[in-house]
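One chain comes next, on its own, written out as C-alpha cells in the form predicted on its own.
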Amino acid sequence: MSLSVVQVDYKLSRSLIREVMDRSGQNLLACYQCRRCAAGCPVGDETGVTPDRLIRTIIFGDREKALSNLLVWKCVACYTCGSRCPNNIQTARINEALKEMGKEDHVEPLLPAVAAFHDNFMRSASHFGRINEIEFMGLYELQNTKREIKKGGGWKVVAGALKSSARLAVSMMKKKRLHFRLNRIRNLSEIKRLFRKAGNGPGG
C-alpha cells in the first residue's frame, strides 16, 4: 500500500483558518473529523465534498479548493451537520463565508444561478426590509438573462428560462404566494445601515 504525503504551508493555513473562523463564527479547530456531519449531509454524495472534508481543506490551507467546490454552492443550509456535530460546527455558515470570500476574490461561481439568487435576494431585502417576490424575481431573471446573452447562449435559451419562470409565477399567484404590494418595514433606515456595515447593500 502506497502512502501519499500532504504538503501544508502552515503560514497560509493559519491565515485561511483565521479568516474563515472570523467570518463564519465557527471554531474549525474543534473539528476532529468524526464524520458524523458527512453521514447526514443531504448533498454530500452529489457534490463529492462533505462538511468534514471542506473543513479539512481549509485547515490544510488550500484556499483555491475551499472557494471552488460544489458543497459551497449546493449546501441547502439544513443545519443537519451542526445538529450532529459534537462541537456544534455549522458548515452552512462556513459556506456562506466562503461565498463572500469567493466574491471578493472574483472567483467565478460554479453555479452562477445560485449566486444570482443569493445576490438579488439580499438586494431586494435591502430595498424594503423584506422580500418582494415581484422585484426579486425580476432582478434574478434580468441577471440570468444578461449572463446567458453574454456567454452566447442565444435567445432560445433565454426565452425558455423566462417561460419556465412565468409558469412558476402563475402557480405562485394561484396559491397566493406572489405579492404585488411593495410593503416596507418600519425603521427601514436601520436595515439599510446594517447592509452598508456588512457591505451587502446600497453604499456598501
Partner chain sequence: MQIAYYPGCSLHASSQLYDIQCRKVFRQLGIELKEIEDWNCCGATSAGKTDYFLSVALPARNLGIADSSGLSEMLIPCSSCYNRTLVSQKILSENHELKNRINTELSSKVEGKVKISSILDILVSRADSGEIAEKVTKKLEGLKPACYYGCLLTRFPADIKISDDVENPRGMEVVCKALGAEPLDWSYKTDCCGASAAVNDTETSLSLMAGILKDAVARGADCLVTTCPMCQMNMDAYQDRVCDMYGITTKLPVFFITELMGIAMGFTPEELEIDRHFVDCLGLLKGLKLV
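Numbering follows the first chain given and starts at 1. Since the structure is predicted, the reported quantities are computational estimates derived from the model, not experimental observations. Definition used throughout: the rigid core is the maximal C-alpha set that superposes within 1.5 Å between two forms.
FYI, the form predicted in complex with the partner chain isn't displayed, but the following is about it.
Chemist: Mark residue 164 yes when one of its heavy atoms lies within 4.5 Å of a heavy atom of the partner chain in the predicted complex, and no otherwise.
Modeler: Because a heavy atom of residue 164 falls inside 4.5 Å of the partner chain in the predicted complex, the answer is yes.
Chemist: Quick one: is residue 129 in contact with the partner chain in the predicted complex, heavy atoms, 4.5 Å cut-off?
Modeler: Answer yes; at least one heavy atom of residue 129 falls within 4.5 Å of the partner chain in the predicted complex.
Chemist: Would residue 187 show up as a contact with the partner chain in the predicted complex if we use heavy atoms at 4.5 Å?
Modeler: Residue-level check for residue 187: yes, a contact with the partner chain.
Chemist: Within a 4.5 Å heavy atom cut-off, is residue 156 in contact with the partner chain in the predicted complex?
Modeler: Because no heavy atom of residue 156 falls inside 4.5 Å of the partner chain in the predicted complex, the answer is no.
Chemist: All three of 75, 78 and 93 touching the partner chain in the predicted complex at 4.5 Å, heavy atom to heavy atom?
Modeler: Yes: 75, 78 and 93 each sit within 4.5 Å of the partner chain in the predicted complex.
Chemist: Just give me the residues of 36 to 68, first to last, that have a heavy atom within 4.5 Å of the partner chain in the predicted complex.
Modeler: Contacts from 36 to 68: 42, 43, 46.
Chemist: Would you say residue 82 moves between this form and the one not shown, meaning its CA shifts by 2 Å or more once the core is fitted?
Modeler: Moves: no, less than 2 Å.
Chemist: Once everything's superposed on the core, is residue 128 shifted 2 Å or more at the Cα between this form and the one not shown?
Modeler: Passes the 2 Å threshold, so yes.
Chemist: Aligning on the core only, does the CA of residue 191 end up 2 angstroms or more away between this form and the one not shown?
Modeler: After core superposition, the C-alpha of residue 191 moves 2 Å or more between this form and the one not shown.
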